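This document starts with one chain, in the form predicted alone, laid out as structure tokens.
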């Protein structure tokens, strides 16, 4: 009996040593690939994981002069969360963030897929490359410039939109001070800026679809629409679902740059979101509320994680496609 147990332990030790040797040999073999990976790993450590250390100020009475470590813990520990949830702005911020992200999910998410499908049908490579260049360029334009263009186009005095309205006998409208216009303006601006660049991943997915499937569909008498429905869409479905899961994880997260560049106090009712509130409290306020801003950011992060977990689980059960 003892000999058998000794043999088992020896076998396990041998397997562990072999695995270590195998892993080390793989690292030595692919050392240059790992070196190429190091900058990205360093980026995530420095800019994504290291800042998590600062989340503790959500539970502290943070004083910049003392630093994070020396600042005293707040009592009760949930004070800033209670202040935020019980404050006058929470319902408005939640509503605006969900509505804006809902519009983005409804309109901005499908358009890159449609654009990729359209570009995939273009036979002329010259025209295809030219069209791709035109739709990719807006992504590389600074958000400040894009917001400036939108402001100029919608100017009540000399904006081209108002000039067209006036030309057709209508009255000029100051769009940017009308709360009801802010959401459509924001969504359309985001679509124009990002739809081309976001289509890249779907174009790559389309390139990976086996061409023999199209040939088999044509032999079976399938036309272009049936090929699209029965070959193309199923081929890129895993990519679409993965991107959808990631997008759902950002339902409470929306970039503050465009919001702050476009909104005004009169449009806060429809434009103010979590990220713009955090920016005002942490940067623009005469008495910056760093701990409160950190609490809001932590709340967003936790909700995003829960949404990703839920959507991933549902997707795995329904479609057998998931992130993990």
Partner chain sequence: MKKSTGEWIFTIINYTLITAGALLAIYPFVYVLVASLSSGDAVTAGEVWLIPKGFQLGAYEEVFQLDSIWVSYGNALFYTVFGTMFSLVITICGAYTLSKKRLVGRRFFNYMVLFTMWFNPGMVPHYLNFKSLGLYNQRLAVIVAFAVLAFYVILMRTYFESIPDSLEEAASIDGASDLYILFKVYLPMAIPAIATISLYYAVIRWNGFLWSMILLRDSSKVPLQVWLKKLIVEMNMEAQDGVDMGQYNREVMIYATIVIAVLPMLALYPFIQRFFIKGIMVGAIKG
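If you superpose the two forms and keep the largest set of C-alpha atoms that fall within 1.5 Å, you have the rigid core. Small disclaimer: the values here were computed from a predicted structure and weren't measured. Positions refer to the first chain, counted from 1.
There is another form of the same protein, the form predicted together with its partner chain; it is not shown, and what comes next is about it.
For a residue to qualify, one of its non-hydrogen atoms must sit within 4.5 Å of its partner chain in the predicted bound form; all three of 23, 124 and 201 qualify. This chain lacks the partner; the member of 91, 141, 98, 216 within 4.5 angstroms of its partner chain in the predicted bound form by a non-hydrogen atom is 141.
Among residues of the shown chain, residue 197 is one whose heavy atoms approach its partner chain to within 4.5 Å in the predicted bound form.
Contact between residue 61 and its partner chain in the predicted bound form is not found at the 4.5 Å heavy atom cutoff. None of the heavy atoms of residue 178 is located within 4.5 Å of its partner chain in the predicted bound form.
Taking the partner from the other structure, its partner chain in the predicted bound form has a heavy atom within 4.5 Å of a heavy atom of residue 224. Contact with its partner chain in the predicted bound form, defined as any heavy atom within 4.5 Å, is confined among 229-237, 100-108, 72-80, 115-123 to 115-123. Looking at 275-299, the residues that come within 4.5 Å of its partner chain in the predicted bound form, counting any heavy atom, are 278, 279, 282, 283, 290, 293, 294, 297, 298. Shown in the overlay between the shown form and the other one, fitted on the rigid core, is a CA shift at residue 291 of 2 Å or greater. The Cα position of residue 30 differs by 2 Å or more between the shown form and the other one after fitting on the rigid core.
If you fit the rigid core between the shown form and the other one, you'll see the Cα of residue 39 move by 2 angstroms or more.
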